[in-house]
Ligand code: HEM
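Take a look at this single chain, the form predicted alone, given in structure tokens.
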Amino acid sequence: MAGVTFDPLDSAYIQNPYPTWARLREEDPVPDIGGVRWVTRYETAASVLKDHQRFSNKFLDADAVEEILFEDPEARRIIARRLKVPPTLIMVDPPEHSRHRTLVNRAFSGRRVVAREGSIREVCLELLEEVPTGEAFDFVASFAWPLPMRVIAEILGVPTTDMEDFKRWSDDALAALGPMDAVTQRRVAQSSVELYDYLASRIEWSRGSPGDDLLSGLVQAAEEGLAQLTTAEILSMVVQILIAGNETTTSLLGSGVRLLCENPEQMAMLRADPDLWPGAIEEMLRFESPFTGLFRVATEDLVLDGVDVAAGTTLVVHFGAANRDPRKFVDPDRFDITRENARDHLAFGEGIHYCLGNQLARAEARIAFPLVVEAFPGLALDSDRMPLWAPSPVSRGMKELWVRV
């Protein structure tokens, strides 16, 4: 059986990858894409995510990641100045992962997220007040991106005076998820060095002057029998939280508004019955998964969907393809806010590595979407500008989404 061939960076594929993913699921469910095996069917993907013994998270070390991201020699010289941090959370297995997760859960608890809901609402209202009236505007630039960036900055305890620098560093951290030319690589590398230095100084400051922010929580996190987190470990975790937290929520908000504009009858249902919002958000996560997948490494020879996979093979558990699998979701290419099993999606992963920030992302969406729909009764896509997807092989989100109100 011939494999399905395609270019994951082709513009047509990025605009609409779902027909390709459907062919993969049916014809070539564990394809070899550039030396990496994709897992595209739901049940297989879920089983891989739950089995951390046969599928390790130790897929790349930090030096290998830098070599992949920064091909430009000058960018590599710049990034070499960055503080070195150990792998944590998504890059390790138990027992290291167990210790990290236990301690970070204390600092990133549901209680802390609930305590932030009032602040999230305030940021939403401020951003909506700044939206230009009577003209089209880019929803991503005006709302979907600034909201999670400001929320995560507040959670980390970033002072208002440092917000512009933090915004620039965050922008460049997200730019690394897509293709970069030499100039961009150098800029991203420099921003990464500055961000790491900044966060390290804030962590040390929190040790002497702890507050109610996440950095202070991580500094103070302790559990009987477990050593406190080091500055390097905290720095590694915070950078992961920063990138994943921003990207997931930005993509969810942008894709969600596009889906509501394209399905006005479902937006009307939500206006009539706000109790439908939680299910609608889960369907958005299923229908347009913000991260298309995460890496694993097979620790032994095995067979996945009839394909022999050798020990040491790198896999991508493809959330995007799995969440459109008709074996799991009836009529999967139909957006349906009343879908009964929408919450079974894999957008936040599964197993011990289930997304740490899922509660925060859901809270931001649950607060933001009703406010956006209420503020803009005539919300619709701008017919003069097509939605533009970000060119990334690992995430799926809107780069631009122009709307009219």
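Quick caveat: nothing in here was measured; it's all calculated off a predicted structure. The numbering used is simple: start at 1 and walk along the sequence shown.
The discussion below concerns the form predicted together with the ligand, not included here.
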Contact segment among 261-269, 131-139, 95-103, 200-208, judged by heavy atoms lying within 4.5 Å of the ligand in the predicted bound form: 95-103
Heavy atom within 4.5 Å of the ligand in the predicted bound form - the one residue of 196, 329, 108, 166 that qualifies: 108
The unique member of 218, 189, 144, 285 whose heavy atoms fall within 4.5 Å of the ligand in the predicted bound form: 285
4.5 Å heavy atom contact, residue 375 to the ligand in the predicted bound form: no
Partner proximity in the predicted bound form: residue 361 to the ligand, non-hydrogen atom cutoff 4.5 Å: yes
4.5 angstroms heavy atom contact with the ligand in the predicted bound form for residue 353: yes
Contact flag, residue 39 vs the ligand in the predicted bound form, heavy atom cut 4.5 Å: no
Contact check for 49, 296 and 347 against the ligand in the predicted bound form, heavy atom at 4.5 Å: yes
Interface residues of 289-328 toward the ligand, as seen in the predicted bound form [heavy atoms, 4.5 Å]: 290, 291, 294, 296, 319
